[in-house]
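Shown next are two forms of a single protein chain, provided one at a time as structure tokens under the names structure 1 and structure 2.
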Structure 1
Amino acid sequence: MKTMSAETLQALVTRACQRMGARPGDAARVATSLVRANLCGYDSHGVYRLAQYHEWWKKGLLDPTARPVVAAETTSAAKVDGRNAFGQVVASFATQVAIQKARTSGMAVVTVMACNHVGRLAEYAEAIQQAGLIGLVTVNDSGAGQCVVPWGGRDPRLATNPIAMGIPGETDGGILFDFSTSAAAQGRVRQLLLRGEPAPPGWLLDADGKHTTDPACLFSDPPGALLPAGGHRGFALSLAVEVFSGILSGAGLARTDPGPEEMNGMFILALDVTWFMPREQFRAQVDQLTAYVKTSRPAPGAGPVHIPGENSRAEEARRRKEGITLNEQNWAKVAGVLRDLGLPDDLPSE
């Protein structure tokens, strides 16, 4: 196990991205995103992903020097070409385009193609939320990453296709959620495998279409599959994500000959509440809503009620104080990248 401060991990990942050719600001953007995912408890989208990015870079599938551009736009819509740059750089750029257009037009829609893995999706919904707007963000794998079965099927046809939303409040942090339309994110299953832990029932099917709790089945040959979240409901939402993020963006949709799995298609919606009501009134009513919901008495063996986003904020505060702990497998992946790039990997535990 390796425990380090967020600042130490930030410096390590930043230097690694710079060695791959990224500009200092872009390298810091990627590092901030990965470390923040670890801080918020999303270890499946944290610094261990550096190994994937390093592999894609060596294969020529990721261009750390590239900069995203607006390929086409109107006053309230834009299409962003990520040019195969770091996904976090592209997604952050597209999010700022959406924020600026929403402030002018009241609402904005931005699609993204040629974008590598964007990381923790809530990050971009949160950026819109912190700008005082409502944000909705969806991502597909450009038609690849097919590890989720359609409801009633046994052959995987869809990716995990997450959805994130941020709604600003006045004093209580508002509402922020990020969830896969599958029973779990693929990275979360991989983390269970690395830790030698079983998956909860209802997450996985093996290659024969039988229910299993063995996370290894998802990465075997032939592979198993994830189930959709909430049965037919998650399946329906996943199809919507394919339309928004894959078809509208031009990034690619689920089919027999999809593009490379590392590419994300992205859809961003930003809505300025002041076009409908005063911002202070809206935020106060969001706080009123969340405060009322939390008055529900805890169910036996559960509770108390938490508003989406609360647990992540609490976990971030704890890990900033106590440090981020990487298990041996995750640290080995990060250390391997550092060694390959000629950077030291012998930092002591803190």
Structure 2
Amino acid sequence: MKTMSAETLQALVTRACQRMGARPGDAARVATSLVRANLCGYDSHGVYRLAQYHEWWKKGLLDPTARPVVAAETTSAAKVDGRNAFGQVVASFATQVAIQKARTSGMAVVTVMACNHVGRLAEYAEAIQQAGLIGLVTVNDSGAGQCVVPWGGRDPRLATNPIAMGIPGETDGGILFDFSTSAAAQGRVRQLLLRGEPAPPGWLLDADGKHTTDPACLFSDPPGALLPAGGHRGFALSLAVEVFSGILSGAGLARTDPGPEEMNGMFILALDVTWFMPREQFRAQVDQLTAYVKTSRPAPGAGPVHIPGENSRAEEARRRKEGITLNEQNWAKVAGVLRDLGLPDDLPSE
């Protein structure tokens, strides 16, 4: 266990990305994204991912010096080619393209290929939300990462294919969500395995296709699989994500011979509400909706109702003050990269 401030981790990751060849601004972009994921409580998308990026870089799959480009565009659509740059750099670029086009045209769709791993998806939906627009973002794994069964099936055929959305509010932070279309994200199952806890029923099938609560089944050989979220609903949404992020982007769809895992294909939709109503009126109505929904009394044993996005904001505030605690495994991954890049790896807890 090591506890560090966001600033310290930010500096560490920035330096590491620069050593891999990234320009200072791009390195800071990657660091900000990864640290922000830790701050918001999503350690599965936090700084330990640096090890994966470092490995890809060594294999020539990631080019830290590359810049994403708009490969083709209309007034309201664009195809971004990430040229295998850092995923966070590509996704931020593509998000800005979507925001600009939506401001001009009312709405915009941007697809992204060759973008490696974009990190925490909510970040891009939030950027669109903070620009005062509605943002919808989806990623697939360019056809790889198949750990989720189709509804009724036993052989995994789909990745966890997440969906994120940001809707601006006035004072209450609006609505911001980011969820896998599988019953759980793979990272959550791994956490349960590490803690020696069972998974809730309805999350997992073992390699024989039988329901199980054993989180180890997902990482055994042959592996079990995740079920889709909400049965046929998660399956349907996952197929839609595959079409948006894998087919429309050109990044690649689920198939028998996909490339390496977690190389995302991305789809971004941004919608300017001002054509429908004045922005302030929209924001006020979103706040009215969330305030009304929160008047529902808690279910027995539950805390007050939270609007999607609220919990991560609270967690971010807490971790900004108290620091980010990385477990041994996470820190070992970061330290390994630092060592390999000739950077000091014996930092104290703060």
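We call the rigid core whatever largest set of C-alpha positions still superposes within 1.5 Å between the two forms. Numbers given to residues start at 1 and step along the sequence of structure 1. Here the structure is a predicted model, which means the values were calculated and not measured.
Structure 2 is taken from the form predicted in complex with a further copy of the same chain, while structure 1 is not.
For Thr212, the Cα coordinates differ by 2 angstroms or more between structure 1 and structure 2 after the core has been superposed. Overlaying the rigid core between structure 1 and structure 2 leaves the Cα of Asp221 displaced by 2.3 angstrom.
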